[in-house]
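In structure tokens, the next block holds one chain alone, the form predicted on its own.
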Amino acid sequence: MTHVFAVMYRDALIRRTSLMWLFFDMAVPLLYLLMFGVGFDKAVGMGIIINGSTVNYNEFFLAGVLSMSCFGSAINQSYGFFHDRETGIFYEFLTYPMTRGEFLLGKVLFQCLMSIIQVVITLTAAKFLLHIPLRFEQVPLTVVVVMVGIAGWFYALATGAFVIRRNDTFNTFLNVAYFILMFISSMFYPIESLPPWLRYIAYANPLTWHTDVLRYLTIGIGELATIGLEIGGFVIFLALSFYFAVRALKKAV
């Protein structure tokens, strides 16, 4: 574990010297919730009907904000590989006496620790500023699901970072993935309202699985059987992402 802690310590030093990056990790999810959530809540008016229950848009969007922050954190962390590659530090890391898995684990554990603070800030604002009726008994499990989400998306995007060598190509890949995955999911609206062909794509989107689980944990919306299937699906996605990330990292040199 010494090698893992060394990777985490380096990332902590980077955040300490880059306040803008730290701000993005901590405050951007809260800004999403306050700006988009409040704005759309006023626009929707009567609320959103999902699984036979009516909730206001702030309540519905909270899980989307948490899921979006996981995806955004994974993007930031995976994009850091390009900076390290340009400076040569990436290849220096690969010469150290540690496994590829330890290197990736150190990266994702640091981001998971950051996510704990991020979730606490976002849920506190949701409760006391927007008066969202949270399920406080589920907060510890919510934090765990957020960390699992960050890990899954980080390993998936890291695979792309190791395979793609050009910075501009990777930026294009991130933008396309960000747009498609977010808007064909249950993050912004119930997918039951989508056309049938688009609905099936959304059901197969891991971002939908993650968002639905978080929505069930935060406000209790969702069917338990469906949530169980989505948890299983995301765990498989996490395992496959880690496997391909390690394989891609071994070939990165």
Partner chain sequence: MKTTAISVSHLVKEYHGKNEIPLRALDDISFDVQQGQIFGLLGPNGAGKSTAIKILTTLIPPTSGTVTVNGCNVVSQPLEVRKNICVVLQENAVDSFITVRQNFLTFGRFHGLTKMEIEMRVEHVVEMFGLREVLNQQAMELSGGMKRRLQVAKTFFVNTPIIFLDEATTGMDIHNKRATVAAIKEEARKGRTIVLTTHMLEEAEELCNAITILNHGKIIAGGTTGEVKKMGLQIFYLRLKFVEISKQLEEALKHLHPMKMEISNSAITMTVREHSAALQALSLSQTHGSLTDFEISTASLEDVFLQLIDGKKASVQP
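Positions refer to the first chain, counted from 1. It should be emphasised that the depicted structure is a prediction, and the values quoted were computed from it without experimental measurement.
The same protein also exists as the form predicted together with the partner chain; that form is not shown, yet it is the one meant from here on.
Using a 4.5 angstroms limit between non-hydrogen atoms, Y178 is distant from the partner chain in the predicted bound form. None of the heavy atoms of Y243 is located within 4.5 Å of the partner chain in the predicted bound form. Heavy atoms of V163 never reach within 4.5 Å of the partner chain in the predicted bound form, leaving it off the interface. F93 belongs to the set of residues with a heavy atom inside 4.5 Å of the partner chain in the predicted bound form. Shown without its partner, this chain lists L104, M98, V143, C112 as candidates; in the predicted bound form, only M98 has a non-hydrogen atom within 4.5 angstroms of the partner chain.
Only one segment in the set 120-128, 179-187, 82-90, 69-77 has any non-hydrogen atom within 4.5 angstroms of the partner chain in the predicted bound form, and it is 82-90.
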